[in-house]
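Listed next as structure tokens is one chain, alone, in the form predicted on its own.
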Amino acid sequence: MLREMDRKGTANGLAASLLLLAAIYFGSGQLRHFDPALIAYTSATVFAVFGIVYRYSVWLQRPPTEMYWRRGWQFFLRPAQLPKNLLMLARLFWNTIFLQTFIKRRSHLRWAAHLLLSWGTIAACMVTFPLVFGWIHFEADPQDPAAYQAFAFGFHAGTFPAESPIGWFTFHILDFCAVAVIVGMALAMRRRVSDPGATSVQQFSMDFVPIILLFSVSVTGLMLTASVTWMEGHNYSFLALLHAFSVIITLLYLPFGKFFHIFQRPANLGVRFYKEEALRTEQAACARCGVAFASRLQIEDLKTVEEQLGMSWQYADGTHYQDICPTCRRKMLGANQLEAIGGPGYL
């Protein structure tokens, strides 16, 4: 049975889609610089934005996620700690998002693959979407036909000779991104087929489909350049259609597959602020042995989340399961198992 769509997620998704359409309309000079041939890319992007925002909204409504989200902003925006938090956020962004050192600690090969795949894709998106939406366009310089003028949101952003290094790099930047993605994909595939730990848990839909999609987009994009550069435009129309198909399928896949973690990852930075606050505040002592084992903040928040999920983990004497440390929980489990089989009770 199909579940009913979440109203808040639907409203947020529609609002984000409408904002994007408005940004395209006004950013392209009321569609003067929008290429109608790119309407399929745009439509797929609008759908992807709706799906991403919808799923993100539903994800944030889950009690554990909502608790981390609310607490993270609460601790980050406190006036007394805001300057320190801004510096910490910059450091976290540099290490976690830009350099992605959390993956480097696992494996240098995995880190190299992830870095090439992520930044190759991010750079390509930063170039492609403004061009597709008409936010950036190029015109021949009336004073020099061999030069191009670049415009961003209708404002002149610079002029450069078409045959200059700047011009060559500008028109081939997506090729560099494609090469980076292909190299990253090769490294990722090497790990996927040779690492016993990876092969034992991987799934085709979650681990191979994203790589295949990125590979198809990158290869067909490079084939377009090869057609223009070395093949005198031979089969360019077919290759353009094939490239468009691969890009559109990838955009439609964004909200539903592994690519969604791209949008979840920045929200995880708030967890670090939560942990920092937990270290500074009162620690909870075990109700059985009296040993401190976690922060009181985390324990109380966990109780709240469990209540929201309909879980009642209280004993007859009023003691809550979360007030007991892991060591005593294992002892209690062993005692219950002994009692169940008729053995001696726990002393």
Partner chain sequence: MNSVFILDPARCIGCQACVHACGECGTHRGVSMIHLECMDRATTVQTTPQVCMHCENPTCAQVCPADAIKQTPDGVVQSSLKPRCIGCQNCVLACPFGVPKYDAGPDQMQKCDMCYDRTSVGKRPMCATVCPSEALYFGSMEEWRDRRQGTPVNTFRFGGQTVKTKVYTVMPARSERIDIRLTDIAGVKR
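Each form is matched to the other, and the largest set of C-alpha atoms that superpose within 1.5 Å is called the rigid core. If you're wondering where the values come from, they're calculated on a predicted model, not measured in any experiment. Numbering follows the first chain given and starts at 1.
The discussion below concerns the form predicted together with its partner chain, not included here.
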Using heavy atoms only and a 4.5 Å cut-off, determine which of 319, 43, 283, 57 is in contact with its partner chain in the model of the complex.
319
Its partner chain contact in the model of the complex: residue 200, any heavy atom under 4.5 Å:
yes
Taking heavy atoms and a 4.5 Å cut-off, does residue 15 contact its partner chain in the model of the complex?
no
Closest heavy atom of residue 159 to its partner chain in the model of the complex, within 4.5 Å or not?
no
Taking heavy atoms and a 4.5 Å cut-off, does residue 333 contact its partner chain in the model of the complex?
yes
Using heavy atoms and a 4.5 Å cut-off, decide whether 33, 171 and 234 all contact its partner chain in the model of the complex.
no
Pick the stretch from 134 to 142, 182 to 190, 208 to 216, 101 to 109 whose residues have a heavy atom within 4.5 Å of its partner chain in the model of the complex.
101 to 109
Using the arrangement in the model of the complex, list in sequence order the residues of 37 to 66 with any heavy atom within 4.5 angstroms of its partner chain.
55, 59, 62, 64, 65
C-alpha of residue 14: shift of 2 angstroms or more between the shown form and the other one, rigid core aligned?
no
After the core is matched up, is the C-alpha of residue 332 off by 2 Å or more between the shown form and the other one?
yes
